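First, one chain by itself in structure tokens, the form predicted on its own.
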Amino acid sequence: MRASINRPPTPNPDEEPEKELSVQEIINIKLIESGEKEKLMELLRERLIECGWRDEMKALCRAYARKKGRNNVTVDDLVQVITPKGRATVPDSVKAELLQRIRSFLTSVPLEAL
């Protein structure tokens, strides 16, 4: 491999065989290339704000900061404590809507592309 101070090492095709991408990685690439991933992210933001989830997470963060003391809390602490609660409280209707949009996207993509 060749390396540089300003960029990561460039793989040498002779040194490493190209690894096969998983189906999940291929789908992710297709979502990004088509711009659908950004649309899904925006839809998720909108739905979480509409249902009050975002305000609930803000309140949890504030409560945790008050409990521990504002100067004793880091972003990493908040992420570690709040993430499991946040994931568990995303409404099923929001999850179902996103899943339906992803399924629709997958049916519109040619099978050869996957």
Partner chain sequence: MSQMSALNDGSLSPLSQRASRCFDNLLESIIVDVASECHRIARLGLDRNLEEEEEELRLSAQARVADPGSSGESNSKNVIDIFGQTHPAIASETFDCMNCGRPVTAGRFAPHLEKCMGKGRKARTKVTRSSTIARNRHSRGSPVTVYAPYSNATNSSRVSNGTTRTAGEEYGDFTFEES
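Residue numbers count along the first chain shown, from 1. Because the structure is predicted, anything quoted here is derived from the model rather than measured.
Only in words, not in the display: the form predicted together with the partner chain, which the text now covers.
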Non-hydrogen atom contact R54 with the partner chain in the model of the complex at 4.5 angstroms: yes
K68, heavy atom within 4.5 angstroms of the partner chain in the model of the complex: no
In the model of the complex, residues of 57-79 near the partner chain [heavy atom within 4.5 Å]: M57, K58, C61, R62, A65, R66, R70, N71, V73, T74, V75, L78, V79
